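Before any questions on binding or motion, here is one chain by itself as structure tokens, the form predicted on its own.
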Amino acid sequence: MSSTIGLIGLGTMGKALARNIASKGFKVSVWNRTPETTTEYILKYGNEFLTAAENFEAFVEGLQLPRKIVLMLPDGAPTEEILRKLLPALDDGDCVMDGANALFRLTELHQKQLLEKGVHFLGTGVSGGEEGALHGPSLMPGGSHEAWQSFEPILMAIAAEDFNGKACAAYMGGGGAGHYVKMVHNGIEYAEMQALAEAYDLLRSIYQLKNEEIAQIFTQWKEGPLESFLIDMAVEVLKKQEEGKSLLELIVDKAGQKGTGTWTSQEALALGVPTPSLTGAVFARSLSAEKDTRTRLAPLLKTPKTVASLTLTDFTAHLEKALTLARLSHFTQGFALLQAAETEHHYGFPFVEIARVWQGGCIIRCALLKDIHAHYTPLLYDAAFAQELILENLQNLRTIVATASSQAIPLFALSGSLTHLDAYRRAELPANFIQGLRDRFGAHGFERKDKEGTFHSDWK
């Protein structure tokens, strides 16, 4: 019997996703560039719904028409290689879905290349890591509407559930919309992780708390407005022991990155969208990689000895509220970028649906998304619930940032959130001074408050 769907790429995500699809009653045929990987995988997990073909040609021919093929390959050369190999074997009406992280511009290029042969292409953001791929990810498909209709029954079946039990999958729009939404998701993820890391650093540096003690504080936060997948993971990481020691004490302080956060920042700069926390989190990872330089400069650029000015109870209360408000800022920055991208690219983003599909399966799922989904506005700060959060928590965030500054503790995400909020609270910014300087040295011109038009002053 021919397979309902084919999957190429048995890395961590591909292996898990294939098992998820098969578990929902769809017959899946898998193929991998390394035959040994396929053989080992089928020996371990193969059944009547999860099979493998003898070779690539048999894999393609063994799929139901019109074919549905999922690619779960590293971005770049591996994906390009398989698409070149696959395209001659496909027929008019077949559909291909790229479920790996991919730059949205490449997704649009692939869509155009395949459509020339009548093949429909769907670029789908898949979030949730290995566990999500296996048990239910958040799915953000975009591109050909024909491809979405073809894959929709499968994607809806394998997705996680939102707060109301609906599938966390929805069509994100045309072109590279799906991978664009996933890119912004990852940018928010960077900021969320950085903010939690900064909270950990503050508690460790100022109050000399042990990881188990910090875990107890994070556990208390899980029951309140900070409820989220990432804080659950943070507690596990803080508690993890290896070789009789806390795992965190064994890990070198150099954070890796695969590029999606950088893509988000590049897009924000290109579209003129302020994303200080999201971009700051990228810079934090880049600076962490300069371990040798930091080690050399640390004894030269002496830092003041940290002294707690607040009781631990008071400080943690401030910190919880600061993180709550920072989270609102992170999502506001992300959705602002999506709004600008819609103006630029006309994808047809379903903004309210984006807030819904992020409620389950994905890395940034959190309680705040319930309010965002229910009260979405183009700038989240406009929403009544957001204004309430700002009034309740702004001074707490300011206290945390001021404390960190006095103790020479760097904050990329939390300080970026405060700056973002404070800038929107100012009806007037010192940009008039910048315009005056630009006009003085470059005759760039400026607008006036009392007249319409653009003006240039006589500086002679």
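All values derive from a computational prediction rather than experimental measurement. The first residue of the sequence shown is number 1, and the count goes up from there.
One more form of this protein exists, namely the form predicted in complex with a small molecule; it is left out here, but the text below deals with it.
Although the partner is absent here, Gly259 is a contact residue: one of its heavy atoms lies within 4.5 angstroms of the small molecule in the predicted bound form.
Proximity of His373 to the small molecule in the predicted bound form: non-hydrogen atoms within 4.5 Å are absent; the residue sits far from the partner. Looking at Asn101, you'd find a heavy atom of it within 4.5 angstroms of the small molecule in the predicted bound form. Interface membership of His110, defined by any non-hydrogen atom within 4.5 Å of the small molecule in the predicted bound form, is ruled out. Gly128 is the sole member of Gly128, Gly334, Gly280, Gly173 with a non-hydrogen atom within 4.5 Å of the small molecule in the predicted bound form.
Of the candidate stretches 158-166, 186-194, 230-238, 215-223, only 186-194 has residues with heavy atoms within 4.5 Å of the small molecule in the predicted bound form.
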